[in-house]
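Presented as structure tokens, the chain that follows is alone, the form predicted on its own.
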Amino acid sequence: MTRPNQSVQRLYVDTPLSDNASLSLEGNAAHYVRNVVRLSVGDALLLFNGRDGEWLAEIDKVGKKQIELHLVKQTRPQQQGGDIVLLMAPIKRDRLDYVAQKATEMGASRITPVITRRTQNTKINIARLSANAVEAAEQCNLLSLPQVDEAQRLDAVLAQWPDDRVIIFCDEHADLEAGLAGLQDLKGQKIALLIGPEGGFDASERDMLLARADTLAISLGPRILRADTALVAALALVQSQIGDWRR
């Protein structure tokens, strides 16, 4: 019988979840359960994989290298997540961790690091970005995870951009009121949010973006923002105006 727990730990697993299924945790997941939160036989966990909803599981065996569990019941069905693609010029490692966490919390469905002319950090640890996204989803009771892509050059991303998704380009030179009005016209459309590097976009990149019919330039106000702050401000603006905050 599953023992009640004041605060049941949530854990992401990359395995199918279904009625009466059994599974094993190994590696870092087993270490976390055994040595960090110190759960034992009969204790409960909440598991999710980003596809099959959330499930209550009970621990059957705690071994030195793996934890064996069985699923008791589904606690929440899978919900459709947001549909905001984040195009983000990489920044310093610790702040990039923050970006992955906040983008996940605020509803990004995909994170694509883009290399611009002024990007200083071009060595991106995609596994680390994904791990930060998982941690944010575990802690914030989320069921969906963003897809994390390998870094690509901005011009290469734009060259193969799909016709059905509008790019919202955060431009410090944009008119605030015009940008807000333009956002309202995007309700119900697929969108992407483009955040530039610390030094801003190169003039040629800005001209290229402004020349595109599928791109809307918006302002984030009169203050100069760090790239990670701009990310949070932009996602908050988009979600409040045309995103799932208005449902």
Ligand code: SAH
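The model shown is predicted, which means the values in this text are computed figures rather than measured ones. Numbering starts at 1 and runs along the sequence shown.
FYI, the form predicted together with this ligand isn't displayed, but the following is about it.
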Worksheet item: Should residue 56 be classed as touching this ligand in the model of the complex when contacts are defined as heavy atoms within 4.5 Å?
Response: no
Worksheet item: Hey, in the model of the complex, is residue 170 touching this ligand, heavy atoms inside 4.5 Å?
Response: yes
Fill in: 4.5 angstroms heavy atom contact with this ligand in the model of the complex for residue 201
yes
Worksheet item: Applying a 4.5 Å heavy atom distance criterion, does residue 232 contact this ligand in the model of the complex?
Response: no
Worksheet item: Given that this ligand is left out here, which of 194, 47, 33, 216 has a heavy atom within 4.5 Å of it in the model of the complex?
Response: 194
Item to complete: Choose from 149 to 157, 171 to 179, 67 to 75, 121 to 129 the stretch whose residues reach within 4.5 Å of this ligand in the model of the complex, heavy atoms counted.
Response: 171 to 179
Worksheet item: Using a 4.5 Å cut-off on heavy atoms, what residues in 213 to 232 are near this ligand in the model of the complex?
Response: 218, 219, 220, 221, 223, 224, 225, 227, 230
